[in-house]
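Here you get one chain, nothing else, as structure tokens; it is the form predicted on its own.
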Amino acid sequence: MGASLKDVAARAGVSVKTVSNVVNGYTYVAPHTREKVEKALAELDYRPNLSARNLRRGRTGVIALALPELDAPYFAELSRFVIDAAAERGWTVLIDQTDGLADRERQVLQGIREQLIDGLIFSPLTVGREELAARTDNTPLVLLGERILDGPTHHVAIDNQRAAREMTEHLISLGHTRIGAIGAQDNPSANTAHLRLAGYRQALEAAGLPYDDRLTPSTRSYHRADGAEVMRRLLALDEPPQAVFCFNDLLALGALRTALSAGLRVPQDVAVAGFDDIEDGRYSTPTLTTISPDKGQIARTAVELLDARIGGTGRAARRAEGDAAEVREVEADYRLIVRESTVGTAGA
């Protein structure tokens, strides 16, 4: 059996209450007393009973992370960062896959078994402000992604439009004047696609290049097969593109495969760029130029905001605090990483 608070108190020569104050991070413990207690904690290898602590505070120690696709590398990598950030707070993460389906996303908004979780981090693809406003579940919530902007709860995302413009400007700077885009979608709820297309068009306009909708065919989804299929359509044009900006790396990897299968050299015959900086793109041949969102920062910020939303000492208290908190729109960092797929021998 592990050491108890009473064991630590006896070793340090202080009261059990004092040990509890140190373990719970209260600041009004004298420095020399804190030092004695921390030494005793280390010597006895004390491990707090998180279940009991959470029970006293009216919490479960569990948060939920709801994502569209767990097999999409971007979301898999983001999940790892969320789990790491949550673990620093002693939290366990329950992961739910929505497949981007409206019914499943609405179910998430209306509560993942309310008594089971303390908070929710949610990346929706379909539901919007209306569904969020109609939400009756009071579980603290932080949003990720581009579907709901300027909503009634904390939100973390990068500036997709600016990032897409920077990528398109990179391709223009290499002398390309006929640039395709893979990832446009007709669905009104596809905010990620709309923002990235808007950034692409801004860059063309700023460079005095015409917009040709034949170079931006609609894409059903954002998988490798979609990128490969749309790239075949682009290469079949009378005037195929000199470069292609794909709205995620999976599309770009599919486009690369089609280009290479057609006997084209990348980037000499056609340059290809992606978005998301998934690990696969660092080891593809050629390596993939991409936009790299700071996934670690996105995850840490989301967990920090959720922690602030949870707040209080009990379920009712934390909700009152969360509802009253100022809603924050946090813009995470990103960077453009130039690799071989646009400039041949660029460093990774």
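These figures come from a predicted structure and were not determined experimentally. From 1 onward, residues are counted along the sequence shown.
What comes next is about the form predicted together with a further copy of the same chain, which is not displayed.
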(request) Determine which one of 275-283, 36-44, 303-311, 290-298 lies within 4.5 Å of a further copy of the same chain in the predicted complex, judging by heavy atom distances; exactly one does. (result) 275-283
(message) So in the predicted complex, is a further copy of the same chain close enough to Gly199 to count as touching (4.5 Å, heavy atoms)?
(response) no
(message) Please tell me whether any heavy atom belonging to Asp99 falls inside 4.5 Å of a heavy atom of a further copy of the same chain, as the geometry stands in the predicted complex.
(response) yes
(message) Since only the chain is shown here, I'm wondering whether Glu130 would be in contact with a further copy of the same chain in the predicted complex (any heavy atom pair within 4.5 Å).
(response) no
(message) I'd like to know whether Glu239 contacts a further copy of the same chain in the predicted complex, with contact meaning heavy atoms within 4.5 angstroms.
(response) no
(message) Just to confirm, with a 4.5 Å cut-off on non-hydrogen atoms, which of Arg178, Arg106, Arg257, His194 contacts a further copy of the same chain in the predicted complex?
(response) Arg257
(message) Only one of Ala207, Ala262, Leu174, Ile95 gets a heavy atom within 4.5 Å of a further copy of the same chain in the predicted complex. Which one?
(response) Ile95
(request) Heavy atoms within 4.5 Å of a further copy of the same chain in the predicted complex is the criterion; list the residues of 208-247 that meet it. (result) Arg224, Ala225, Ala228
